[in-house]
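As a starting point, one isolated chain is supplied in structure tokens, in the form predicted on its own.
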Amino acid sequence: MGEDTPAASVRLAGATVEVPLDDSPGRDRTRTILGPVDLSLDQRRISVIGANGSGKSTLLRLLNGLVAPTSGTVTVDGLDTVRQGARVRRRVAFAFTDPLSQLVMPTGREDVELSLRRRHRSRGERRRAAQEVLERFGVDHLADQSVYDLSGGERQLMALAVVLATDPALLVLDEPTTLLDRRNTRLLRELLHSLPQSVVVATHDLDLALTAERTLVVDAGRVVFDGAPVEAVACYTALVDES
């Protein structure tokens, strides 16, 4: 996948997410936590900002089928996230706030090899491919350490190597800098900038948000601003000041 690879194309058409209002028997009342959302996302770098509980994490989870829309549709490169979920998840990598959600094996090398098991059936080929991935993301020197011995920044970089090992078209990140210090935040920002993949990132880090081409502001389950990052940050700041 190179720099001339077309950006991933994401479409949300009337996408709404509702949850039960309570668990009482015989009750069917629901609460809308997101939507309806109508968006076409075609830029390579998109940031999403909003307060905790605004719905931005739900919006991100719609993009790879972790959350299914209650109504409306979500497609990635023409693939429906509900009807073609397995194919969508091969195109969309999702990075959680806590990298330990991604790192399930004792070492990073084993996690990368696990990601590559479908692409490389031979153990030898898989190990060579994993080494190439680890070197590409500059974490080969950490590959054989216990993931619990890595720093927060090292874990985050290793987790990204794991989810990017299969060369997805789109990388979605939910608050990736929350557990990082300034140095590792800078390293993460540099890595994201260098990727050929399309990237959608939800973040409270406004400096990171400003590096995008386009920024969405989510408030009370609705996209209330969609446009230039500088103007989006101003909109978000005003919302915070009003609350």
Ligand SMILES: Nc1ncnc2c1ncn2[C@@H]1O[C@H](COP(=O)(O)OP(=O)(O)OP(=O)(O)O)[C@@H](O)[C@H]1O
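Throughout, we count residues from 1 along the sequence that is shown. Quick caveat: nothing in here was measured; it's all calculated off a predicted structure.
Keep in mind that the form predicted together with the named molecule is not shown, yet the notes after this line are about it.
Inset, instruction - Mark residue 189 yes when one of its heavy atoms lies within 4.5 Å of a heavy atom of the named molecule in the predicted bound form, and no otherwise. - result: Answer no; every heavy atom of residue 189 is more than 4.5 Å from the named molecule in the predicted bound form.
Inset, instruction - Answer with yes or no whether residue 52 is in contact with the named molecule in the predicted bound form, where contact means some heavy atom within 4.5 Å. - result: Contact check for residue 52: yes, within 4.5 Å of the named molecule in the predicted bound form.
Inset, instruction - Flag residue 230 as yes or no: does it have a non-hydrogen atom within 4.5 angstroms of any non-hydrogen atom of the named molecule in the predicted bound form? - result: It does not: once the named molecule is placed as it appears in the predicted bound form, residue 230 has no heavy atom within 4.5 Å of it.
Legend entry - Proximity of residue 45 to the named molecule in the predicted bound form, heavy atoms at 4.5 Å: Residue 45 lies outside the contact set for the named molecule.
Legend entry - Triple contact flag 104, 115 and 147 to the named molecule in the predicted bound form, non-hydrogen atom at 4.5 angstroms: No, none of 104, 115 and 147 comes within 4.5 Å of the named molecule in the predicted bound form.
Legend entry - Heavy atom within 4.5 Å of the named molecule in the predicted bound form - the one residue of 64, 177, 198, 57 that qualifies: Selected residue: 57.
Inset, instruction - Determine the residues of 188-214 with a heavy atom within 4.5 Å of the named molecule in the predicted bound form and present them in sequence order; the list may be empty. - result: Contacts from 188-214: just 204.
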